[in-house]
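Form predicted alone, single chain, as structure tokens, below.
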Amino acid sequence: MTLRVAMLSVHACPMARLGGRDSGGANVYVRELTRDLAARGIEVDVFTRWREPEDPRIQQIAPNARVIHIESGPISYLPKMEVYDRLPEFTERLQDYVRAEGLHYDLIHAHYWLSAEVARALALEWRVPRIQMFHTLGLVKREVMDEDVDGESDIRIEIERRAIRESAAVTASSEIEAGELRSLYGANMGRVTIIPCGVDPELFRPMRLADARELLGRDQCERLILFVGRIEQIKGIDVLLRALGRLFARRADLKSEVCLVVVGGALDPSDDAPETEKILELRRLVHEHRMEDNVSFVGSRDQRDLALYYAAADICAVPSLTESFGLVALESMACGTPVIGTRVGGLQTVIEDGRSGLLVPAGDVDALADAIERVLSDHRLRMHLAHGAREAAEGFTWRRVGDRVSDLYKRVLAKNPAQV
């Protein structure tokens, strides 16, 4: 009998452009996991909020796998708390669709806290077990974020606590995240399974730096530093800009050689949304350090372009204040590009300090500037880290993720058989 899974990713459509508002590693994870599960003969429907007008209601992403866009409020971007306010509407319309099509599912796999509330309602209605993955945790973000700027709501924390108590299983992407589930949320560790993220080694692979730069038209940069991610405080992009300014202040010779390319943000010609306040703040920071000729904001890019950017870079900087796993670091490593990351969350398990990259304290401008200077100035170190990065990345594949997730499905269904 074919296993059928309802994958819930309310705010993160697996087909969304990456690096824009609320689009990042979670989108990639859901897409690649869904494709791998479908290749095993598991039927997967991914339910997500309809956000882009050009997206079809139903989008086939692989044999046995499709994305179903559920209309919930206007078909446009909404901040997360507005998405939360419309969760009852999302749940009702999802159930209407399932009833109209005569569908049934054996289990629910929910991603992020917004999906947890929908999963809770559907699991009771359908009488099937649910599995939860958070990708980021509200209490962890609270520890590092400015509460006045981007604080995490009590609503989110309570939903996370309830999902941890009630789900048949919770997955964590690293031992660090599993420890946070235990220490901050009191999770029953018998129901927590650690499943690291993966990377596509065919797409993210080494290529000649000169070839990648030529394809991107980036020949003018002698040394290229890359940042990939959403333009948010938690990603530490302002720390990176300050570190670069500090480096140029003491090494004026590097200013004529080094470029920083920022991939991410709603800066595409096809996106008519105004630049976010955060991007404007970063542009002011660039101006303050007189780095207009050194820093390029190129907006979001698709995965194939992203692979070229990784291959074209001398260093990929991941200065996050917190990171449950660090998919950007893994993708860069798969391309043989050394990573300078922060000693937080899952980055500590992805990057081996001194072997596949360097780790620095989060928010430490001087330490980040020192690490960048060290890698740029030492060719042998850079080659050593590049080799170690590629070697380490070979242990992380989406096939391995699919192995572990499908095994988890079997275990959960053995203990909690569906009662459709």
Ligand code: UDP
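Note that the coordinates shown come from a computational prediction; the quantities given were computed from them, not determined experimentally. A residue's number is simply how far along the shown sequence it sits, counting from 1.
Same protein, other form: the form predicted together with the ligand, not shown, and the subject of what follows.
Visitor: Is residue 339 a contact residue for the ligand in the predicted bound form, using a 4.5 Å heavy atom cut-off?
Guide: Judged by the heavy-atom cut-off of 4.5 Å, residue 339 is well away from the ligand in the predicted bound form.
Visitor: Is residue 209 close enough to touch the ligand in the predicted bound form, meaning at least one heavy atom pair within 4.5 Å?
Guide: Result no; residue 209 lies far from the ligand in the predicted bound form.
Visitor: Find out whether any non-hydrogen atom of residue 72 is located within 4.5 angstroms of the ligand in the predicted bound form, and reply yes or no.
Guide: Close contact is absent here: in the predicted bound form, residue 72 is far from the ligand, nothing within 4.5 Å, heavy atoms only.
Visitor: At 4.5 Å between heavy atoms, is residue 345 in contact with the ligand in the predicted bound form?
Guide: Because no heavy atom of residue 345 falls inside 4.5 Å of the ligand in the predicted bound form, the answer is no.
Visitor: Check each of 240, 228, 258, 137 and return the one that places a heavy atom within 4.5 angstroms of the ligand in the predicted bound form.
Guide: Exactly one residue meets the criterion: 228.
Visitor: Choose one stretch from 246 to 254, 94 to 102, 321 to 329, 188 to 196: the one whose residues place a heavy atom within 4.5 angstroms of the ligand in the predicted bound form.
Guide: Within 4.5 Å of the partner lies stretch 321 to 329.
Visitor: 26, 263 and 301: each with a heavy atom within 4.5 Å of the ligand in the predicted bound form?
Guide: Yes, the whole candidate spot contacts the ligand.
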